[in-house]
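First, one chain by itself: the form predicted alone, in structure tokens.
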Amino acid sequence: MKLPRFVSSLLSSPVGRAVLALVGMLVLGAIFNADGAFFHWTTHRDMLRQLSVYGMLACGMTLVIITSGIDLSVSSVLAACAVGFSLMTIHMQMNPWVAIVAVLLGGTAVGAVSGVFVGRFKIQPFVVTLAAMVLLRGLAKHLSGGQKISTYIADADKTVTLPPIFERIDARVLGDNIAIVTLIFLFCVLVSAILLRHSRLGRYFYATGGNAEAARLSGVPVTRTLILAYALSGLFSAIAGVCQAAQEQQGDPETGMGYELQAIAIVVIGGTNLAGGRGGMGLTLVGALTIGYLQKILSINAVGEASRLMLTGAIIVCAVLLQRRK
């Protein structure tokens, strides 16, 4: 069936496809508005808060996918960092800022190790990050003893006070209209966008993803570029881990399972090419809003978790098929 020229023109560009998907989602929300709930600001505010952790993971995933890679370990890095942050602040009573710095450095180091295996030893990113995903999930369970790290300390049979940093990160500002985690997500988007558009490293990411061998012959340090891409993905995953712990007020070794699927969906629906070399953070932001509204519309209409997962998988396939459109 031949599409109208306007629609065909929109579908021919990544920006057009991403914006069209977001507009379609808003139209669906207006139709299935759950007795007007979709038109309340609190619905949109909560949607922004809920997508923030996914969005932080997607920031790192975008950088890695632009280099023609993939990072399946983001959800496990998130869980390990959430457990580590909770252990240090709740059980060990460490200074929260010291704990945050330690967790961010740990997440960055874990990502850099994955980058070394991908860039230096030429192992497929899928294999490396799949192994990292399993290893780090195991580490999170080992650190926590398989239990959630909360204010109740089972070994000492006592309850401690939740450090104020948890409530500060999970608070809302501007008249209770926007969550701190949403601002952190937008800050991550801004930093990533500046890095991609206005730095030499950003140009190296695109060159490596477009054609690694040509980039190498042109003087691009491909191995170092890949290590930095995965290190940044680890950093954003660690930030997401701290925010996840603050929102749940505990460190759960099982938290974040399947979040890598959401992060990939956000990047792909945004229009960043899975083959690498093309994409951007603006597209990822549009993709995050599309996925966020999809989840919220399904939630306010009481659609079950199983249906949401199946729909997300189907949308990823459709987005990839649209990327093949010339």
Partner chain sequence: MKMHTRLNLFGLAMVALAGGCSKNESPAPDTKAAASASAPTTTGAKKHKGTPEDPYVVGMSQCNLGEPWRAQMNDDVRKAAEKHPNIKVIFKDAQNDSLVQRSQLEEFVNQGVDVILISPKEAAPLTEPVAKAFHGGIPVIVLDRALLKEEYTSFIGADNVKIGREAGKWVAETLGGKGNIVELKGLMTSVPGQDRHRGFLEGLDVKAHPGIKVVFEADMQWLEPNARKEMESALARQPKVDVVYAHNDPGAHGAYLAAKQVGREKQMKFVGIDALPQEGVQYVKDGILSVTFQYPTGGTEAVDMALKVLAGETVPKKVTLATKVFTHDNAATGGQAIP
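Numbering follows the first chain given and starts at 1. Fair warning: this is a prediction, and the values are worked out from it, not measured in the lab. Throughout, rigid core stands for the largest set of C-alpha atoms superposing within 1.5 Å between the two forms.
Keep in mind that the form predicted in complex with the partner chain is missing from the display, and what follows is about it.
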{"query": "Contact flag, residue 43 vs the partner chain in the predicted bound form, heavy atom cut 4.5 Å", "finding": "yes"}
{"query": "Any non-hydrogen atom of residue 197 within 4.5 angstroms of the partner chain in the predicted bound form", "finding": "no"}
{"query": "Residue 216 within 4.5 Å of the partner chain in the predicted bound form, heavy atoms", "finding": "no"}
{"query": "Contact flag, residue 208 vs the partner chain in the predicted bound form, heavy atom cut 4.5 Å", "finding": "no"}
{"query": "Of 261, 34, 274, 28, the one that lies within 4.5 Å of the partner chain in the predicted bound form (heavy atoms)", "finding": "34"}
{"query": "Contacting member of 93, 124, 147, 177, with respect to the partner chain in the predicted bound form [4.5 Å, heavy atom]", "finding": "147"}
{"query": "Which of 250-258, 79-87, 104-112, 184-192 sits within 4.5 Å of the partner chain in the predicted bound form, heavy atom basis", "finding": "250-258"}
{"query": "Residues from 65-86 in contact with the partner chain (non-hydrogen atom within 4.5 Å) in the predicted bound form", "finding": "none"}
{"query": "After fitting the core, residue 23 CA displacement of 2 Å or more between this form and the one not shown", "finding": "no"}
